Ligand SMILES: O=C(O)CCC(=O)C(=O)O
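Only one chain is shown below, in structure tokens, and it's the form predicted on its own.
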Amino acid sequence: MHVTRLGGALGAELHDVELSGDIDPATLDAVHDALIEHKVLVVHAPDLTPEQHMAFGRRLGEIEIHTFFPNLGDGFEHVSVLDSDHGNTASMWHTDETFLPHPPMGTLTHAKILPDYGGDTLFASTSAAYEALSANMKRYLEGLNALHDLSRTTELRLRFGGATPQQYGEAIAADRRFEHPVVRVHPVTGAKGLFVNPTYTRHIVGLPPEESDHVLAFLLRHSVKEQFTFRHRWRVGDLLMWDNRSTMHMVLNDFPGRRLMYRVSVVGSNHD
């Protein structure tokens, strides 16, 4: 296996690694170490089956059944289906499922059908964004928590006619929310990173609303500056792995036709 770096802040491609078989422990450790270092990994794996996709995810840790995305069904509940034909295109910056007490540590997405053009995925390093903050801002953020809420997505759909007030009310009543530190420490590296995103983060706890809104707006603009980002242009068969503890991502909703992805999320790491 060898690694080609693709971006300044994050992103690399793995070559000469076979994910469809029984990976030896040394290779698995090397993949894990590359993921920690580069945060986003690309492996071209056109022959990867859903069974192999799940099996590789389980080598990294416990895999989840996603909270709201549909899946492949009996025996394949852990493989989520992101199909643009059904409106499942995550076109806002986010870190996966931060409304949970323990969001996934990583995600593995496999490209099955792609449009003729467009549909790239953008990634941002939340640790690089934190490191670039001033010392005064770092001191200000230390100890602050933010509320992350799944109903935020239904609120946005309601705003643009994609949901009803009843659905929004049900989403609020479901109470899928959790408070996380604004600055999160990576459990493996110890590096600090920003842990807020525009899809799920509602407000900073304990701050006056206007102050919270302004601080969040600044952090979200700051986090996606060019120097912290990487853009992946998909090929059918690409498997992307990303460290959900140190990144945000979004899909560019700039394409005609269908974009179909299979996704497996790892909620607990075998390496931590």
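Since we're looking at a predicted model, the values are computed, not measured. Quick note: we count residues from 1 along the sequence shown, nothing fancier.
The discussion below concerns the form predicted together with the named molecule, not included here.
Of the stretches 87-95, 71-79, 153-161, 167-175, only 87-95 has residues with a heavy atom within 4.5 Å of the named molecule in the predicted complex. This chain is drawn without the named molecule; in the predicted complex, the residue among 9, 23, 14, 251 with a heavy atom within 4.5 Å of it is 251.
In the predicted complex, none of the heavy atoms of residue 230 sits within 4.5 Å of a heavy atom of the named molecule. By the criterion of a heavy atom within 4.5 Å, residue 56 is excluded from the residues contacting the named molecule in the predicted complex. Contact between residue 121 and the named molecule in the predicted complex is found at the 4.5 Å heavy atom cutoff. Under a 4.5 angstroms non-hydrogen atom cutoff, the named molecule in the predicted complex has residue 109 among its neighbouring residues. Taken together, 242, 259 and 263 are fully in contact with the named molecule in the predicted complex: each brings a heavy atom within 4.5 Å.
Shown without its partner, the chain has 234 as the single residue in segment 223-241 with a non-hydrogen atom within 4.5 angstroms of the named molecule in the predicted complex.
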